[in-house]
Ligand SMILES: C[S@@+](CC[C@H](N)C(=O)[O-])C[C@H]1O[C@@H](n2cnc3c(N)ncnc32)[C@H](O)[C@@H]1O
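Just one chain is shown here, as structure tokens, and it is the form predicted on its own.
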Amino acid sequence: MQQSKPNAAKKSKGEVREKKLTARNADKHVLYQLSVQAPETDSKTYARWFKRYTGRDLRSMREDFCGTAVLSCNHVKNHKDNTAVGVDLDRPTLDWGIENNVKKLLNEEQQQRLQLLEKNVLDVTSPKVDCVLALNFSYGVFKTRAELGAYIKTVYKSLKPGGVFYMDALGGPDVMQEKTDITEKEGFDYHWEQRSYDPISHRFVCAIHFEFPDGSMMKNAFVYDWRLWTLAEMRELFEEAGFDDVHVLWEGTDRKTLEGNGVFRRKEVGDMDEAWISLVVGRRA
């Protein structure tokens, strides 16, 4: 599920208007949040899905591979009893998130309801939470079935009884092509490069670049070396870890644009789309 523009990013968007961005003066994390994330919306969407699925309010959440933790920040803002844990290995990115997202929360009380852990997601099983999110395909760093299976089992141990795990996925013939998609943003262009795909190992190398009105480029702002996992593999690993009611939420298609419409519904059979985004969902018994 593609993400963007929280309150914290709105100020950054204003800054984009005020000065002409170049590769020299732009901040790659700000541009990423404006291009790839929509945490203000998504934090409410996952809470709504969780309530509809479980009948309970989503209060405690863990965001794995959290990066700048902007989704976690929005979760704690949504309700006075909400807590969040963000887990990531990259200290500089966590520090950026603290300075630019956590410290912009309304007050110290909100900040205290957010815990950031500089740890490997394979090593974190506490505190127990209602929901774990693994988004933006970052779990693709796990290249073998044993590694991804170990991660999913760790998530299972991290959840309270009845807790839910959401893991997004992408696929389709278009995703396997070597190509670059360019999206025009306010003050810059976002480039998503699919650099290579190996059909034997499913190794999938991608990069994000940013281009500016003066012709300058911020190349390789983010580079990803992933395995492109299939939904069938992911569902099997969820079930092997002990999750029940494992299912897929499939994004619908806008009839006019033929692109994803942001509406996800439970499906047993997917569509033959050129490119698709979906989520695998599992519940701890």
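Keep in mind it's a predicted model, so treat the numbers as computed, not measured. Counting begins at 1, following the sequence as shown.
Unshown form predicted in complex with the named molecule; subsequent notes refer to it.
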property: Contact assignment for the named molecule in the predicted complex, among Ser138, Thr83, Asn100, Thr154, heavy atom within 4.5 Å; result: Ser138
property: Contact assignment for the named molecule in the predicted complex, among Asn120, Ser201, Gln115, Gln177, heavy atom within 4.5 Å; result: Asn120
property: Triple contact flag Gln37, Glu63 and Tyr224 to the named molecule in the predicted complex, non-hydrogen atom at 4.5 angstroms; result: yes
property: Asp90, heavy atom within 4.5 angstroms of the named molecule in the predicted complex; result: yes
property: Phe212: touches the named molecule in the predicted complex, heavy atom cutoff 4.5 angstroms; result: no
property: 4.5 Å heavy atom contact, Trp96 to the named molecule in the predicted complex; result: no
property: Distance check, Phe142 to the named molecule in the predicted complex, heavy atom within 4.5 Å; result: yes
property: Interface stretch in the predicted complex with the named molecule - options 233-241, 48-56, 250-258, 29-37, non-hydrogen atom within 4.5 Å; result: 29-37
